[in-house]
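Below sits a lone chain in structure tokens, taken as the form predicted on its own.
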Amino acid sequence: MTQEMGKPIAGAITEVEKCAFVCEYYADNAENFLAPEIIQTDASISKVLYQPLGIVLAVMPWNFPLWQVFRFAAPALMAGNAALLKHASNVCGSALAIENIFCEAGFPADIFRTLLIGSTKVARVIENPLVKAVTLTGSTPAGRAVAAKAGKMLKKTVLELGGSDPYIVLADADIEHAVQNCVTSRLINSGQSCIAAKRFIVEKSVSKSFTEKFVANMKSKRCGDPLDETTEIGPQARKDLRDDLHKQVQSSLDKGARLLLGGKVPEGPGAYYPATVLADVVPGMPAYDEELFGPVAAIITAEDEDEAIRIANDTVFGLGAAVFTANHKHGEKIASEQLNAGACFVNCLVKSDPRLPFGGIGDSGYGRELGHHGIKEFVNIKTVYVA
């Protein structure tokens, strides 16, 4: 992963460990999750069975080359399906390594296969009658294209797409704690994460304090060689992606955003981009409206809690969201009832966990991975009724 897309090696090690966790979780729990359910009706016997669909095609991105595959493959294979992986073209080594892992683990031959094909060939694979369902993690445009093709073929899809996760910092929040979590989330995988914090919405009364501490924390992070275990920000995965990110930053500045840190493409080799902080971000700017897939933070000041929640929900995305407050019960109420996203966290950063369902709404996709919900996405939920 580090060699192919520049992931800092410490994060790569953590990713491998998380893949082991999801495999162990489904090895321990899949049988119970898929056990027949007896339902009391007028029948002598009525039950629900969970049976595999067949071959599931996974179209996966480069940013978490192992985790995003294993979080699909572990439940899908434990449910009795077979899997085809079309990985991003810049992580072919990771794709082949995953196939080899399943072979070494003792899975039946050909139960998991990697397809070394370009994106233009995906439609033909979806058309194949042996493929029964499709899952995609990636951009919203890619999700629309795959869903349209699969829909035409009447095949089930699960989509985990982009995000512009809002983190609300209320006036009573522990600012030091909030800053630490916000910076950590924004810089996960050098900022290249769908569920990384993107928009930081801060109540006006604590905006100055939060901003000063946030900028200082971002500035302290070490950018460098991803093979160095002390590196906290590695290069972006490709230079074209780095350049696109810079255009979004520059466009936001041209429209009135204020640059507090970074924002300049460094000289020298590698697709590096510095930790960057923008303030005075408003609608109409890429930093407000779009997903910035890199180490760029947008700070937005809200007059009060109600405005902060309105701004948080003012997005086409709906993957994750977080709120920081000293009142845990109040934070739980906001997360439960007022934030529009697939995963809402209180006083910590948004993260995926094998034990909990993961996925989004709106332009962030549909369906769920992980937990007992995830393993039931690619099964035939069959009713059996005996009079």
Partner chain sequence: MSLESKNPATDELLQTYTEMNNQEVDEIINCVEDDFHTWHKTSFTDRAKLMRSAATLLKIKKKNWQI
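Positions refer to the first chain, counted from 1. These figures come from a predicted structure and were not determined experimentally.
This next part talks about the form predicted together with the partner chain, which is not shown.
For the marked spot (S185, A275 and G362), a heavy atom within 4.5 Å of the partner chain in the predicted bound form is absent from each of the three residues. Residue in contact with the partner chain in the predicted bound form (any heavy atom within 4.5 Å), chosen from A312, V134, L77, L170: L77. Residue heavy atoms within 4.5 Å of the partner chain in the predicted bound form occur in exactly one stretch of 284-292, 151-159, 83-91, 257-265, and that stretch is 83-91.
In the predicted bound form, the partner chain lies farther than 4.5 Å from every heavy atom of A216. In the predicted bound form, at least one heavy atom of N128 sits within 4.5 Å of the partner chain.
Contact check for P357: every heavy atom lies farther than 4.5 Å from the partner chain in the predicted bound form. In the predicted bound form, the partner chain stays beyond 4.5 Å of every heavy atom belonging to I38. Of all the residues from 101-118, those having a non-hydrogen atom no more than 4.5 Å from the partner chain in the predicted bound form are I101, F102, E104, A105, G106, F107, P108, A109, D110, I111, R113, T114, L115, L116, I117, G118.
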